[in-house]
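Coming up, as structure tokens: structure 1 and structure 2, two forms of one and the same protein chain.
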Structure 1
Amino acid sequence: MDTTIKQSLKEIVGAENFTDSLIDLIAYSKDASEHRHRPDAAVWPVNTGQVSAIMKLASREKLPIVPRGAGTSLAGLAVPEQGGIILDLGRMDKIIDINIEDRLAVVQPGVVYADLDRALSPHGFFFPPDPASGSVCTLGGNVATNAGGIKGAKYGTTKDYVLALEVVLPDGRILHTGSKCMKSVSGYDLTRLFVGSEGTLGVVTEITFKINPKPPLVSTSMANFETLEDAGRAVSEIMYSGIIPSALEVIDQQTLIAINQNTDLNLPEVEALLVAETDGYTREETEFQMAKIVSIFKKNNATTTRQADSKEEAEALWTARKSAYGVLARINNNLIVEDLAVPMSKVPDMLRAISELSKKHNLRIPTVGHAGDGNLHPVICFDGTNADEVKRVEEASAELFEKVIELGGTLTGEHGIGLAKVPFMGLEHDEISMDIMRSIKRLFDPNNILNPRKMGLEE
């Protein structure tokens, strides 16, 4: 990158908010995926005016620019595949307003998910998406990926809570979308267009979220299953029983073994463990729902069911579930965390297909997932220095996606396309929808400077 451009960037953000040091650029060359590419410089803007000035400069110079939150993307979304500038929003981290009367929170994009949740808690409110990375990921990143989590089946994902956005467009113009009202059908829904757009259309600089009152009571139970099919059938039956659990997660045997090796939870190493949570305002309400769920567990051959005795035991269980990725990352050289979703009735078929692919390609593919909304995370473990194994990983991934589409599913429930799933976009989207998506990209970003090479948008 030209030194005059670096000088211009320093003038916009101040020298203290600019870096081109090798160590910083190496850190910014990756996210939580296996992809990497080094940027030429990185900046930490502190207000919308600076973001706008940076975008004008990048537009004029036709420089690639990649917005970045905490860099926890699992699909290469935050990797600067064509170099250029990393726009780290981490210093725009203020909670601007919490308005309980209107059920709103207004935040800058760099606020960490858990910090908003902590700020809402004394008011008896919460922001439900609850990604497992919530202690570090940013709300800007959550909007750009439409993040979800363990509460998805009952409470939906980020898109269900974004009411309004301030977005800086690639040419530097500042766009305001949506409103602070709970309802609005005024014009095209530009807000939704940006949610899940992976930083390819604009830089989110302010977000207005709807927030929810938090039910104070929960019940948590787990059930052991000897076969994946039994567990999958139980999930499917629970979801059409009239009860909507606030969480329903599946953990398979390979993951249970890994968790046991790294915690003192001593979980049963059965083929599948289901963990369910119900929430409500009275003990009677949560227990009524849980009793129905437990009866479905038993009907589907659960060998043991167990209700958490205390809040601490329930929390330990959820911490273990959320730590699955960390545990697997510690004990494997390389990981690809897939993120497919299938219609609820197809969960058993998908779980079986994953297990068969694991055997066929001689790969370890532990699987966890938000079973309650059909979103499964097979984690393909491998050694990236073993060429034969890498080839088997590629073959298994391709077959996995073919199976997902055959079952009427989708390539990604919450992590996004990024770089990882570009080759498979054509499996899910026909030429007409790809053409419309590319036209939208060209409309917002005619020079293709914003997070290029992502989502399969290039011809």
Structure 2
Amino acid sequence: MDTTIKQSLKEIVGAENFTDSLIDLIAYSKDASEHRHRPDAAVWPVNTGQVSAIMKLASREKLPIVPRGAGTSLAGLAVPEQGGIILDLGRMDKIIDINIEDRLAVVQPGVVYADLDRALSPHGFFFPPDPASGSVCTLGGNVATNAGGIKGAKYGTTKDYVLALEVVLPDGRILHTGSKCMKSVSGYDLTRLFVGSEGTLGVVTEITFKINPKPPLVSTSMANFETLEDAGRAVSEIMYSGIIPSALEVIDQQTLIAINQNTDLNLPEVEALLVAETDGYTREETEFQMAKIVSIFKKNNATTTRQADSKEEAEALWTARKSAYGVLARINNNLIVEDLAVPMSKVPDMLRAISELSKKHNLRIPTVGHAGDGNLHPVICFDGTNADEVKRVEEASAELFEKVIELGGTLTGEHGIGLAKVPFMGLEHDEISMDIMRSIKRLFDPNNILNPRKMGLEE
């Protein structure tokens, strides 16, 4: 990168908010995925004006810009594939306003999910999407990926809560979308266009979220199933029973085995374990919902069911699900955490297909997921230094997503496309769809400087 450009960046953000040191660039060369590429520099803007000035400079010089939050992306979303400048928004971390009367929170993109949740808690409110990385991920990243989590079946994903955005466009102009109203159909819905756009259309610098009252009571239970089919039927029946659980999670046999090998939880190594949660405002309401779920578990041949009688017991039941990723990280040198979604009735078919792929390619592919909305996370564990194993991983991934689309599913439920799923975009989206998406990209970003190479948007 030219020294005059570096000097211009320092003048915009201050020397203390610029870096081109090797150790920083190596850190910024990766996110939580297996992808790697080093940037030329990184900056930490602290306000919208600085972001605008950076984008004007980048547009003039045709420099790649990659917006970044906490770097928790599992799809290579924050990897600077063409070098350029990392735009780290982590220092734009103010909660600007919490308005309980209007059920709104206004935040900068660097606010950590858990910090907003803590700020809302004394008011009896919460921000429902609840991603697994909530203790560290930023809300700007949640918007970029349309993040979801374990409460998606009942409460939806980030797109269901974004009311308005402030966005800096690739040429430096500042766009305001949406409103602070709960309902608005004025003009095109530009807000939704940016949610899930993975930082390819603009840089989000302020977000207005709808927030929800938090039900004070929860009930939790767990059930074991000897077959995936029984567990799948239970999930499907629960979701059309009139009861909508606040969480309904699945853990497969390979994951249970891995948990037992690395912890003292001593879980039954059945084909599937389901963890369910209901919430409400009265004990009667919450327990009625859970009783219905437990009866469906039993009707579909659950070998055992267990219901928590206290908060501590509920936390113990959740330990199995929440410990999965940490446990799987110990299995091998490398992990690819896939993210797919299928219609809820197809969850057992997808789980069976993953199990068969694991055997066919001699790979460990434990799976957990949000069964209540059909969102599964197969975790491919492998040794990246073994060329033969890497080849088998690539073959298994291709077959996995072919099966997903065959079952009427989608490539990603919440992690995004990033770099990881670019090769598979043509499976889900026909040429007309891809042409329209590329046209939108060219309209907003004619020089292709904003998060290039992501989402398969290059011709």
Ligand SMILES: Cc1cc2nc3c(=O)[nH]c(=O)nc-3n(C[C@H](O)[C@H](O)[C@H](O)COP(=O)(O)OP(=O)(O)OC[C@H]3O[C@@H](n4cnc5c(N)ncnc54)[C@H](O)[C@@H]3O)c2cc1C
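We call the rigid core whatever largest set of C-alpha positions still superposes within 1.5 Å between the two forms. All residue numbers here refer to structure 1's sequence, counted from 1. Remember, predicted model here, so these are calculated numbers, not experimental data.
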| item | value |
| --- | --- |
| Assignment: the form predicted together with the ligand | 1 |
| Did Ala316 shift 2 Å or more between structure 1 and structure 2, C-alpha, core superposed | yes |
| C-alpha of Pro268 moved at least 2 Å between structure 1 and structure 2 on rigid core | yes |
